[in-house]
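As a starting point, one isolated chain is supplied in structure tokens, in the form predicted on its own.
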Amino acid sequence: MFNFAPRNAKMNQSAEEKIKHAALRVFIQKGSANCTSREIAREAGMNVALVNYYFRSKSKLFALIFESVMQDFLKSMVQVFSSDLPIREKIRILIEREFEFLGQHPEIPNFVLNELARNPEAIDGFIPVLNMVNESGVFDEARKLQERGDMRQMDIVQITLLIMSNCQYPFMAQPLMKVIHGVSNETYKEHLTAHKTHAVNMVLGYLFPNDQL
């Protein structure tokens, strides 16, 4: 599921990967504070001694998984904003990649937000990655476009909310939306595919109104 780094022999890699994926499922369902290493071992179909052997403790296993999730969550943003493309194209690609990533891992936004709510300091280790976005110059580019009247006047917090609400909330709201509209998983996935196009058009149309003239 994620780019967890392998270790030693092939047999060991297989055991470690099973534990990591099982731990992610348990952490998503119960949160890191409300589960035990024994529950993770049971989910992986192994004994708790193996979990402790490979990862020493539940907290170290969680730190490894949370770091991997956050890296996957942030790396596309850094890659896109560090490119030489115009900001309008950067935003379009960012939205499309976000939908692609969340289509494969729809549980990740809730997992990240829940863990940050429990432990806000967990984000501290990713400040250098977030700083890379600032250092890419994308915010300066946005300010210049706003000064010229080519981009709607919005601060970066509002722009972030606009993009995140259109990209992440549709995946977070999936259980509710399926009940409200009585649709299946497959049908809702079709709606998400259509919403990607709507999200791109809505966000870009709002941020760059002059492009519509």
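We number the residues from 1 along the sequence you see. Between two forms, the rigid core is defined as the largest C-alpha subset superposing within 1.5 Å. Please read all numbers here as calculations on a predicted model, not as lab measurements.
Missing here is the form predicted in complex with another copy of the chain; even so, the following discussion is about that form.
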- Is A63 close enough to touch another copy of the chain in the predicted complex, meaning at least one heavy atom pair within 4.5 Å? no
- Message: I'd like to know whether N34 contacts another copy of the chain in the predicted complex, with contact meaning heavy atoms within 4.5 angstroms.
- Response: yes
- Though only this chain appears here, would M70 touch another copy of the chain in the predicted complex if you measure heavy atom gaps against 4.5 Å? yes
- Task: Evaluate L85 for contact with another copy of the chain in the predicted complex, applying a 4.5 angstroms cut-off between non-hydrogen atoms, and reply yes or no.
- Result: no
- Residue within 4.5 Å of another copy of the chain in the predicted complex by heavy atom, from Q146, Q29, N52, S59, is Q29
- Message: When another copy of the chain is placed as it is in the predicted complex, are A22, K75 and N185 each within 4.5 Å of it, taking any non-hydrogen atom of the residue?
- Response: no
- Could you list the residues in 154-181 that come within 4.5 Å of another copy of the chain in the predicted complex, counting only heavy atoms and keeping sequence order? M154, D155, I156, V157, Q158, T160, L161, L162, M164, S165, N166, Q168, Y169, P170, M172, A173, P175, L176, M177, V179, I180, H181
- Determine, after fitting the two forms on their core, whether N131 shows a C-alpha shift of 2 Å or more between the shown form and the other one. yes
- L94 C-alpha relocation of at least 2 Å between the shown form and the other one, rigid core basis: no
- Message: Using a rigid core superposition, assess whether S82 undergoes a CA shift of 2 Å or more between the shown form and the other one.
- Response: no
- Task: Since the C-alpha distance between L85 and L130 changes by 3 Å or more in the predicted complex, give its direction relative to the shown form: closer or farther.
- Result: farther
- Quick one: V138 and F66 C-alpha atoms, closer or farther in the predicted complex compared with this form (3 angstroms or more)? closer
